[in-house]
Structure formats: C-alpha cells, structure tokens
Ligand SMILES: Cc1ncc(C[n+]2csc(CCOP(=O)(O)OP(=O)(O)O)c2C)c(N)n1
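In structure tokens, one chain follows: the form predicted alone.
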Amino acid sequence: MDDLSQTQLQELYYYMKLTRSLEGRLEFLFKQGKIVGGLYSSLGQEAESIAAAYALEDGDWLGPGIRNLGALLVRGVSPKEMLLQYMAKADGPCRGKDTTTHFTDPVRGLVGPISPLGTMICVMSGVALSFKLRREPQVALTFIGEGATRTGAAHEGTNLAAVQGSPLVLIAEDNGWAFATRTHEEVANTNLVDMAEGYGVPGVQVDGNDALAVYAAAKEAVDRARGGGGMSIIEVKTYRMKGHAQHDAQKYVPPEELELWRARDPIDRYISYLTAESLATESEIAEMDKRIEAELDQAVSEAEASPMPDPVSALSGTYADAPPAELWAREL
C-alpha cells in the first residue's frame, strides 16, 4: 500500500489485535456477570471494520453497528470507554442508560446504531446529505449486514443517498449468517454488490478478511465521495466466527465450516503479510501484543473500580425536566 507508511501498516495490526483482545476481556466479564445486557462479537471479521474506518479523515462521521467495535477504536474511542459502556458504569459514554456501541458523540463524529435493522442507513444518509447541502468536504460511512439490506428502511436510505449524490460510503457485510439464517436463504442474489447497479452508484466486492483490500476499496470510495462523486457500496465477504450474541451457542453452524473460515483468519493473514514484506518482525509483533495486554489490564482495572450510576441520574439527559423531587425521591 503506497499511501500507508510502515507505522500505519503496523497500526492496522494493533487495532485488529486490540479489538480481538478487548472482546476477549468483555467475554470474560460477561461470564462473571459484570456486563449489563447483551454482548456481540466481531471475531473473524475485525479487519473490515478497522480498515474501513482507517480510510476516514478527521471531521468525517461514522455510524457503526453492533459488530464494529474496531471501527470505534480507530476513531478514538478508548478500551476503557467501551468497558464502561458495556458495564453500564456512571462515567461511561451513556452514563449507564444504554450499552454496547449504542452511543453518539458529535465531537468525534459518531452516531450510535439504531436497533431496527436498516434504519441506520437513513440516519447516515441524512448526515451525508447535510454535508452536501452545506458544501462541507466531509464523508459519512456506515455498515449494514446482509440481512438488514432486505428491509424497507435500508432501501429508502440507500436510494435517497444515491439520488442526492450524497457523500455516503456503505459497507455491506456478508458474514454468512443473519441470526441463524444463511445468506442464500434470505436473498436470491448473494452478491450484495449487485445492489449498486440498481441504485446507480459505484460498487465493489472485496475479501473482508483482507485488511488491505478493504482499506483500498474504502479509501477510493471515501475520496470519491469527498470529491463530489456521491455514494458507493462496498460488499465485504467475511464470516462471523461466533453466534449472533454471547447467548447464542452457534450450534446451527457445521464444524467444518468454522474450520474453513478459521484458516482464513484476518489477523493471522495480516501477520503473515507484515513478516513476509519485512514490515514487522516477530519480536515487534510480540511487543505490540504485550503493550495491548498491559493497556487492557489497566482499562479493566479502572472500569471495574468505576461506580454504577446513581438511580436519580436516570431522570437526567431526557426529553423533559424531572418532576419535583418530593414526588419520586421517597420511592427510590
């Protein structure tokens, strides 16, 4: 990659490994009963989230899904913040009112995902349109799973961005399964990139487990959008190595299928690339791993020590003022 320095190429590995290691810590905390709500894993598809987000610039906006933790890390969210968020702590991004990736931060250009699938495209289409109307050289990027592409909201949002020529980059993730339904059981055409022709926008299909292939496609799409070329769709072929959420044992997946995709692991492949191209030595990679573990040790320790929110705080940050204290304080 001519436009990425050796330091940046190593940084891509850092974020992929950080994502996987952080999710490992979250799984451990979940089993200890310290995670509030559900826990979703991006195991096996870390590369596409990280590489796509890495193509963005300061001032661009990102709309992640529940499996795009890596994209948030690239955009400046710290592991500690994510731990506080999942543990619903008082000083987390949502102050304990919501968990997972469901938080918005306008300062960092982050829009929290919306649970009804497909709707996020409508939101990010609006964000992108605002950039165009204000003639601002910014880009919006969001992700959608193959199952959600079948929703009416996804179609409406995609069509709006396409017709308006808005600077939106849509990453369509085909990770093999929508809950427990295979891709070919929900769509007759399993090549999601073919949607692009129907909307009249550029589209490309890439190996989602190849970080550099995803980055190259995303960078081209981001540059095109920033230059006034409108929306693009990038289909990434990847695989979900765990169930829909932590409660899902994934028993519906044949073991041989998992083994096939385990051999295509994006991190292992990227390590092979770095060492083969003399971009990182085994000792440098081991040093990065050591640094990640130290960072996570500290983040977990601080997050566990952080207090849970005061029940009264549930009345703050709402759409209406809290009622007089004498009406509810006694109930608490």
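Bear in mind that the values here come from a model prediction, so they are computed numbers and not experimental data. Throughout, we count residues from 1 along the sequence that is shown.
Not on display, but discussed next: the form predicted in complex with this ligand.
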Open item on the list: I'd like to know if Asp210 sits close to this ligand in the predicted complex, meaning any non-hydrogen atom pair within 4.5 angstroms.
Closed with: no
Open item on the list: At 4.5 Å between heavy atoms, is Glu146 in contact with this ligand in the predicted complex?
Closed with: yes
Task: this ligand contact in the predicted complex: Thr101, any heavy atom under 4.5 Å - done: no
Open item on the list: Whether Ala178 contacts this ligand in the predicted complex should be assessed with a 4.5 Å heavy atom distance threshold; does it?
Closed with: yes
Task: Interface segment, criterion being heavy atoms within 4.5 Å of this ligand in the predicted complex, picked from 114 to 122, 76 to 84, 160 to 168, 250 to 258 - done: 114 to 122
TODO: Just give me the single entry in Arg224, Lys132, Lys97, His244 that has a non-hydrogen atom within 4.5 angstroms of this ligand in the predicted complex.
DONE: His244
TODO: Answer with one of Glu186, Glu220, Asp105, Glu156: the residue that has a non-hydrogen atom within 4.5 Å of this ligand in the predicted complex.
DONE: Glu186
TODO: Within 4.5 Å of this ligand in the predicted complex, which residues of 53 to 85 have a heavy atom? Give them in sequence order, or say none.
DONE: Arg67
